[in-house]
Each structure stands twice: as C-alpha cells, then as structure tokens.
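Given next, in structure tokens, is a single chain: the form predicted on its own.
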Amino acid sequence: MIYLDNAATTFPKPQSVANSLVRGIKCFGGNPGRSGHLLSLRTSEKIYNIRENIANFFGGQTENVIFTSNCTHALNIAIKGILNKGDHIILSDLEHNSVIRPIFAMSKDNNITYDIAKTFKSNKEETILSFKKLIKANTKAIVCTHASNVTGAIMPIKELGAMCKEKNITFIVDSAQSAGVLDINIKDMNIDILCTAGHKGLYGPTGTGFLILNDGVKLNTLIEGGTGSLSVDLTQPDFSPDRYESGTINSVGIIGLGAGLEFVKKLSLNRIYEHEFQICNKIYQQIGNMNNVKIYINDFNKYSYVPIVICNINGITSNQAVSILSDKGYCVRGGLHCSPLAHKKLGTIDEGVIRISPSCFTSNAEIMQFLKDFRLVAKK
C-alpha cells in the first residue's frame, strides 16, 4: 500500500510517536491537575512540558495553549467564543466546513452576520483588499485558512494579520494544512487565535489538536465543567488553559502529539516542505502531459502552495478514480474534502477532485510507481 492521503491525516506516524503512546499508557496514567499524588503530578509535568514546547514552536505563551480533540473543535471554540449577538465576521472563499458550518449555524440562531471574501491565488494585494472592503462597524473577527485543503493555496496571513491589528479585529487562522509544513509565529503574524490539528503535519495521533490564544484574547466558553481548579466556585475559571479545558484531557494523545512535534523540529520545516514540494512538482509535471487528465493548478510555485496535487480523469468521477486506485494499492482522496466553498470557487462542486498529498515519508520510488499506474487508469 502506498499512502498519499496525508492532507487528511499523516500515515505512517514516526516510530517515536508510536513509542510515546505506549509510554503514555504505561508511565503517565494519572489524571493531570486532578490530584497531588506522584502519578498525577508526573503526568501534569509531562503535559506542561509539551504545552510549553508547542508555545515556543508557534511563538505563543505556555498557558495560552489549549488542547482540543481536533482542529474543528478548536475552530468552534474560537468562532463561538469570540462572537456575540449582532457581530459580523468575514471568512475566505476557501474555508473548510469546520469554519463555515459554525458560522452559518450562528447566523441562523444568534443573529450573527457574515460575508465571504474572494481570494486571488496570484495577487495577495487583491485578496487583502477583498477582505478590507467587507469590513463593517460591527465586524468582530476575520477567519482565514493558512492553506487551502483543496488547492493548497497559501494565504497572505501576515498581511491580513497586520490589517486586523490596525482595524482592531480578532484574527483567527486555521492552520490544519500548514502546521508542521510552514513556519508560523502568532506574534510576528498578528494572529489572535491559531487553530490546528495534531494528526496532520505535526504527525501526532488522531483525536488531538489545539488552539493558541495571543496575549489579551479571552473567549466565551463553549463548555463548562471540571477543571481541577477553583472547584468550590460554580463559575468557570477565568484563566487559561483551565477556562477552556473542561473535563479530562487526552493525555496519552497529547504525549503522542508532543513526540510528533519533536520529530518535525528535528527534521526541520524546510526539509519537510522541500521534500514534499519536489514530489508534488514531479506529479504535476507528469500528469500535466497525460491527455485524459485535467489539472487545476498551472502555477505550482514554491511557497505559493502547500504540497497538495489535485486533478480529475475525464470520463469518471473523482470517487470512482479513488476506488480504482485503491484496488491497485494507493490511498488518495476524492470528493469535496469537506470544503464546498473551495470547490464552488474551483468549479468542481459537482464532481469534486482527486487529491494527492505526500508526507515526509513518501519516496520518489513510490511516486514513480504511482504515476505508472495512474497513467494506466487515465487511459481506460
């Protein structure tokens, strides 16, 4: 089996991640922050160290790293936590359903209004202006993906962050497809809330994710409950991370995520991106010459896209192509990728696209074999 669906979740995971999960179960079984016994304290210290490493990696403060079950969870906390009745929010036309669905729900239930900014793949100034034109007196937040999970297009996050700071607007960034691939610093980029997944480019296990709040950002709570602190008080704590982490956290998964982060740091973002980019570039060059294949990206330039390839085979749907390739031993993804906004923009809302996404473990030999079989499928 050759796995090329890493934009959904990375596989295989580093051996160090697998080892850390076993060690987490065997050595860190205490409930962090819930007791004063040795095992609880040991687990608390381990989780704190991982929280600190994440903060350092993304330019945040340790106490402002909030663990979640995935990026969708993080985005819901951010969006529903920052908006109040009567507020207005702007999002891009590339957003995942984890952004548009909570916003749409709030627009129906809580009188929230929203607008969708058009993005321009080769003109960041036009993209920024598109957002700027939609700002109203009651605009509370802008949310934007760092990189599209469909096209891979990288958004001008730093420039959008500067604009939000100037306009006193909360800036929320979805980095599910960029964390572990691109350099991110929330202070340098003026990101108020960074949301991401642990199971993608950070090579952690599924069921992990986090958000990072920049200094001074405070959200309404999505859930309330036990935090291990101020238990006599019926109101939720007002300090991070306790305010946003009700209930027992996924300690074992977080320990695995911590190992994934260490793996990425050791390998380096630059090496990971360069390897994955050259693989995607090779795929684009090869499939671009196949008569029966339609490609949607004609300017696959370095650091304009994260390493994702999208295409279709004439005469069959994307999901049919995925099924045929699966029978041949390849894991790729078809359909709409939970991002109907991006597919409407791309003009593929009816058929979706085939998405091919390598990881740092993908070899050139695997890609050559894949391209050989892909060509045979495309000729049918």
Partner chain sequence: MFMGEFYLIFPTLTFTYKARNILKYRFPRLKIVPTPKSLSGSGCKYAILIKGDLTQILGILEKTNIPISNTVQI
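Keep in mind the model is a prediction, meaning the values are calculated, not measured. Numbering follows the first chain given and starts at 1.
Another form, the form predicted in complex with the partner chain, is not on view; read the next lines as being about it.
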| query | finding |
| --- | --- |
| Stretch from 190-198, 282-290, 166-174, 233-241 whose residues place a heavy atom within 4.5 Å of the partner chain in the predicted complex | 233-241 |
| Residue 226, heavy atom within 4.5 angstroms of the partner chain in the predicted complex | no |
| Touches the partner chain in the predicted complex: residue 41 (any heavy atom, 4.5 Å) | yes |
| Residue contact check: residue 36 to the partner chain in the predicted complex, 4.5 Å heavy atom | yes |
| 4.5 Å heavy atom contact, residue 51 and the partner chain in the predicted complex | yes |
| Of 326, 320, 69, 61, the one that lies within 4.5 Å of the partner chain in the predicted complex (heavy atoms) | 61 |
